[in-house]
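Consider the single chain below, provided in structure tokens and representing the form predicted on its own.
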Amino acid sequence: MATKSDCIITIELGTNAVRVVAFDMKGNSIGSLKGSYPTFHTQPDYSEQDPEQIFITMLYVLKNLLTEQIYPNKNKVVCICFSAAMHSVLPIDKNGVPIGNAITWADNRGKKEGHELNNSPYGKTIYQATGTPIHPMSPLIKIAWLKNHDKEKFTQASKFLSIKSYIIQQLTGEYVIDYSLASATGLMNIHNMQWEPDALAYAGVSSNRLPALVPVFSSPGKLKKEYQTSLGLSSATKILVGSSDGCLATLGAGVWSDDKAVISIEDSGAVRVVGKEVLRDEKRRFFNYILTEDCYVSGGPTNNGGVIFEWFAKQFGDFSKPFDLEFSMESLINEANKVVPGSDGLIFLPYLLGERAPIWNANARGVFFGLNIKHEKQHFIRATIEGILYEIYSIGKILEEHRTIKNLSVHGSFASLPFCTQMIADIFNKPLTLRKNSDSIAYGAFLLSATEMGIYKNLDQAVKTVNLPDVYTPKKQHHSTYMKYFKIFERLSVRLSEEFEDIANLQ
């Protein structure tokens, strides 16, 4: 039986930061902290992170949250639930020691492998079995790249883990991966919840070189004694393997019916819907990931979300306050607000990291188009934001070939910016709802934990507690303007494919 002092902690292992949030048993946030870590781009198309740095950062942030905000209020931690960014790969040796850095979702070095598999007889079969589009983002392609180009590391690797699997193993000693995160690897059959033989054969690995598959409600075991002591946690504190960030963001945003979609924009972005069945697309443009065994989260991801606006802010922002990126971004938003929708004809293709849905072109590049002598800095700012959101809209547009979407919910860094949230409503021409706390990933992890603990009968009951008080109504005149420019954006994204490939080959 839960008590008033009990709390649940959620740990999100994000692309560039770990976010730790504590909730009371009614779902109210009672504390949160964040710690950042870098991504290394040592060569074109490479994107890596230091797993030890992530682990140490996670421990540091968790320890600080406990000592500064939880223990002083006499709260007792009864459960810790994990979420993580998808598609990471970390080779470890027979002693569990990382062999180099972890490869992140943004890594594009497997472009050749992805292209060849996608166009082979096995591409469609593997996609239909795993639900993961054939693309360099997927661990399937990353492991195949290591097999083909780094044989020493591939042979030395005892296992290939996700970042979350590594963190959980460090804490508990168990090698596990939840169905949800595994369904984004391109290696698991989403229909029978087993590692897919055809995918394993292509990657050149056996199932014993991957972690054990478990449901999202599973507990891998107790914290090791040294972490019980250093963190001041009880041996009774339950560790939940949890889910992927995308699936939990969908749950936490209250998207649980056929006519709703959630838009996530953190560093990357996605548009997602939920259903009892796999969303089948002959063009293989969508993912179908698993939250639970009867719940599929389907949609399309973009590489180029908030990370693109952050890049712009670092290059062209005002840093009169040292090291204050958020201040710089806020100043840029204020400048963008002075420009009319459509940025007076300036259009931005935001493909600085290549692109996934809907064009699935790892060679795609960023482009400013329509520039004339009257354009000023403020036009570039607004065009950058519009380009990011046009790309998000292009995913939603093709999703509507399969689903009727009447309402949107939004989650992530852009959700905290009313300027951007209103722009999303205007571009999609749909009403948009927003939680007061835009961190839907953490709240989704809380709902998962509370359901496992019996506070809710099931996730259907849990999701009904999501409160969406803030509503943004679309401005139809703005929508009409955006659509005129979006048509050009859409054509450019396809017509420049040959030029994208040529310039990638030159590098």
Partner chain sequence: MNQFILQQGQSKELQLFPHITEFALKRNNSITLNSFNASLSDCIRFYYVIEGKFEWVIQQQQYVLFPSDLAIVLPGQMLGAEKGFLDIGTLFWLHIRIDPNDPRTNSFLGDWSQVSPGEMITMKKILVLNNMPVISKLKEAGSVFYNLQNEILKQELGFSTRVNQLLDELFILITRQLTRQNNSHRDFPQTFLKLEETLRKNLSHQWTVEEMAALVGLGTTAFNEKVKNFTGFSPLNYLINIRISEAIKLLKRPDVNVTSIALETGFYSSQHFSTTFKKLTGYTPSQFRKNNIPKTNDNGHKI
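This is a predicted model, so every value here is computed, not measured. For the two forms, the rigid core is made up of the largest set of C-alpha atoms that agree within 1.5 Å on superposition. Positions refer to the first chain, counted from 1.
The same protein has a further form, the form predicted together with its partner chain, not shown here; the description that follows concerns it.
- By the 4.5 Å heavy atom rule, the three marked residues 396, 403 and 409 all fail to count as contacting its partner chain in the model of the complex.
- This chain appears without its partner; in the model of the complex, the one residue of 192, 235, 315, 257 with a heavy atom within 4.5 Å of its partner chain is 315.
- Contact with its partner chain in the model of the complex, judged by any heavy atom within 4.5 Å, is made by just one of 59, 468, 453, 30: 59.
- With the partner omitted here, the stretch from 145 to 153, 193 to 201, 97 to 105, 358 to 366 that lies within 4.5 Å of its partner chain by heavy atoms in the model of the complex is 97 to 105.
- Contact annotation: residue 43 falls outside 4.5 Å of its partner chain in the model of the complex, judged by heavy atom distances.
- The shortest heavy atom separation between residue 481 and its partner chain in the model of the complex exceeds 4.5 Å.
- Using a 4.5 angstroms threshold between heavy atoms, residue 218 stays clear of its partner chain in the model of the complex.
- Contact between residue 461 and its partner chain in the model of the complex is not found at the 4.5 Å heavy atom cutoff.
- Contacts of stretch 242 to 260 with its partner chain in the model of the complex, defined by any heavy atom lying within 4.5 Å, are made by none of its residues.
- After superposition on the rigid core, displacement of the C-alpha of residue 332 between the shown form and the other one amounts to 2 Å or more.
- Residue 94 shows a C-alpha shift below 2 Å between the shown form and the other one [criterion: core-superposed Cα displacement of 2 Å].
- Once both forms are fitted on their core, the CA shift for residue 151 between the shown form and the other one remains under 2 Å.
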